[in-house]
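Below: one protein chain in two forms, given as structure tokens, structure 1 then structure 2.
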Structure 1
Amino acid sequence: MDDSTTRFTTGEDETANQQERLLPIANVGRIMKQILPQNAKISKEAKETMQECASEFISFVTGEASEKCKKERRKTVNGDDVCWAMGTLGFDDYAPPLKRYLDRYREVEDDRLATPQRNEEEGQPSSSAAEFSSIPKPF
């Protein structure tokens, strides 16, 4: 009895849908590998479980963040909402490095957007500049 063809077709559809709601297994596996000792091995099932857990994590935190936005009558879930939600749900340890990450991203974005081609006016010292440039400014 060969029902492999049938299974293959429906399985393919299911797989495609499933992959959409999961982070790529290669990326997940890489993060896992980087944190473990070199002699450690990771079973495929463990990576798959980790994929599921990561998606659940995103959903869990997003749900909380979006509740907050709803209460405050805001339509857009932003980075601060996500950070706040994480703190509220017990991921306090993540909140400070994330906040720093987000602040730095915003500083660079502001720089990028605000100063397209003007170098002369960068006279004022700013914390982002101090943090990121090791080369003293020309003026």
Structure 2
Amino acid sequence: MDDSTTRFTTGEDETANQQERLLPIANVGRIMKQILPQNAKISKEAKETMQECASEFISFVTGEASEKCKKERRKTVNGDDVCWAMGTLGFDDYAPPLKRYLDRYREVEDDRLATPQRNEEEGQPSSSAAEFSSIPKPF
């Protein structure tokens, strides 16, 4: 195999690895559109920039939460760890509402697990997605 083939393969691998760590661009665009006026447009560059920033932010907060778990000899990062990391990293305005959202999510999940599952033949949903979507976002 010559050097050009090696470089090409390595470049493809790096691009594939980077794409795996990024949020799907369509999802990022949908979230961005929710806050903008209906007739607003978003450039590809803006979506890609936000995609990179959001993905980096998630990695940053998760890394801090993971360090806490390592120190405590735990393998699983949970919602409380993420809330703690947000506060530790200086996102003090976001940590308390995120914690309230997490607590409410847990309440809904506990209620869902305590209630017998509805029969799918009746056409009723068997998850808490509809209930949880009605919870106001923390920010």
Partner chain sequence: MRQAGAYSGILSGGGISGRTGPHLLPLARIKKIMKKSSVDVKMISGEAPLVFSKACELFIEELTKRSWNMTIQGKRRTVHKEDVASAVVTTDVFDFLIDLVHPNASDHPSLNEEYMDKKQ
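Note that the rigid core is defined as the largest set of C-alphas that superpose within 1.5 Å between two forms. Note that the structure is predicted; figures quoted are calculated from it, not measured. All residue numbers here follow the sequence of structure 1, with the first residue given the number 1.
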Just one question: which structure is the form predicted alone? 2
I31 C-alpha moves between the two structures by 2 Å or more, core aligned: yes
